[in-house]
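This document starts with one chain, in the form predicted on its own, laid out as structure tokens.
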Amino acid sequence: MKKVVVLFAILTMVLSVFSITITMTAGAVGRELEALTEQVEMFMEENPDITVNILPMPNSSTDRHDLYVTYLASGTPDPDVLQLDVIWPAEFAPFLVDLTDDYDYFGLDGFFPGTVASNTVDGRLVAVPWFTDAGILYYRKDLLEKYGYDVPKTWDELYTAAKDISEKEGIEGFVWQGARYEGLTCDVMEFVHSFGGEIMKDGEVVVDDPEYYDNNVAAITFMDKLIEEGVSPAGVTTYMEEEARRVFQNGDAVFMRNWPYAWPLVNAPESPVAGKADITVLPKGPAPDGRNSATLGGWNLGINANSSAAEVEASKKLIKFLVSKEQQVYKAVNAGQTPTMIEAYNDPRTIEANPFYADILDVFLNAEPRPISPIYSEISYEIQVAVHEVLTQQAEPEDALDNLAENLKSLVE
């Protein structure tokens, strides 16, 4: 009996020597954290020598960004695997493991090219695309039919339908992300681009350029009009994704701007609007410059350059598992997050769970990036502050945009 105990103790010691623990950050929007927990459990069953601890992060990407700055600047080896917003690779590249030689290991030839390009900085692959995103319009198809409205193709059509239906139904017209955080920048870019405007182009500040200025003013004025005239609630200036989603899912709004993750939640059996909602592209601004526009979103997986060699290798195994076809399909079905692998996007299981994917592939292929810059966080901050002041009645659109132009130029010039 003593020999058995001794052998067991020795075996335990040997296994502990060859096992490793890594930490991965994660968001918790919708079912994201729940689905990831399930996936990590699957991974650990296949890799019993690797333990993965999940570190939940704030849902606000702005707050998450600030935490990453603290972690990486301090030189800490934890967390090992970092969930990175699509606009962060350029800023965080010096702190991430170079994955260029692992291109084939991750099978990146099978991914949407734009998602790989967004993770390549100065020729170095610094992260792997996990899921992609683009802003889309959710609408109550039952209410549009009830009151005789077509799906809006322009912002003016949305305004008219939202105002009329919301007043008759006693609900909100249109909810979106108006809090002062990164989500507001995403919404601003969609309004501005859809009106034919631009804030930055090819690294240059053009917000006050005569070619774009009037359209920029018109876009921000329209956002303000939505709130002032009651189409959007005053509280929308405090909404992030989940606040908007809850209002719409509870049956308390006609339209919602959000990301695809909300689809399975909106249509869950317990949802009050299950079967009553649909999705389409975001509307155009007025002619002649109006066009459809969706901000490119999505999240990627990078590895902390301060992690040990063994932790880096374990992290690569985890990332390869999570971005595999089967796991991307699992994520699309269970969390409503859009695959970055083309084969996973087109998989029948993905399309069955997210039928709108078949109709709006072009939205994801043509989604427009936010300004690409190593100082993007500062650029986004200035955009958030300027527009939020308008939405909260602290500034007029022209004054806010003039100040924005001056502040951005002081950053980049």
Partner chain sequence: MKVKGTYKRSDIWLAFWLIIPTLIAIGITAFYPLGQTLYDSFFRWSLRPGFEREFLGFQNYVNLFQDPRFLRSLWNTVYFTFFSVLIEFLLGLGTALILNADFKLRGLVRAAVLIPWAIPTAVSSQMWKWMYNDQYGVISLMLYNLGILEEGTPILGTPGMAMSAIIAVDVWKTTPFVALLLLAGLQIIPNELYEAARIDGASIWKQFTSITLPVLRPTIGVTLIFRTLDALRVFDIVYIMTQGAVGTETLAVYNRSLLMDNIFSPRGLFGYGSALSVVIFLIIGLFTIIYMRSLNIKLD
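Residue numbers count along the first chain shown, from 1. None of these values were measured; they are calculated from a predicted model.
The following text describes the form predicted together with its partner chain, which does not appear among the structures shown.
Against its partner chain in the model of the complex, the set 73, 233 and 392 is in full contact: each member has a heavy atom within 4.5 Å.
Among 49, 66, 38, 362, the residue placing a heavy atom within 4.5 Å of its partner chain in the model of the complex is 66. Proximity to its partner chain in the model of the complex, defined as a heavy atom within 4.5 Å, singles out one entry of 240, 312, 206, 137, which is 240. At the 4.5 Å threshold, heavy atoms of residue 131 stay clear of its partner chain in the model of the complex, well away from it. Among residues of the shown chain, residue 316 is not one whose heavy atoms approach its partner chain to within 4.5 Å in the model of the complex.
Proximity of residue 181 to its partner chain in the model of the complex falls within the 4.5 Å heavy atom cutoff.
Within this chain, residue 56 is remote from the site of its partner chain in the model of the complex, having no heavy atom within 4.5 Å.
Of the candidate stretches 340-348, 41-49, 354-362, 57-65, only 57-65 has residues with heavy atoms within 4.5 Å of its partner chain in the model of the complex. Residues of 367-396 that come within 4.5 Å of its partner chain in the model of the complex, judged by any heavy atom, are 374, 375, 377, 378, 381, 388, 392, 394 in sequence order. Relative to the displayed conformation, the Cα-Cα distance from residue 121 to residue 201 shrinks by 3 Å or more in the model of the complex. Compared with the form shown here, the Cα atoms of residue 180 and residue 71 move at least 3 Å farther apart in the model of the complex.
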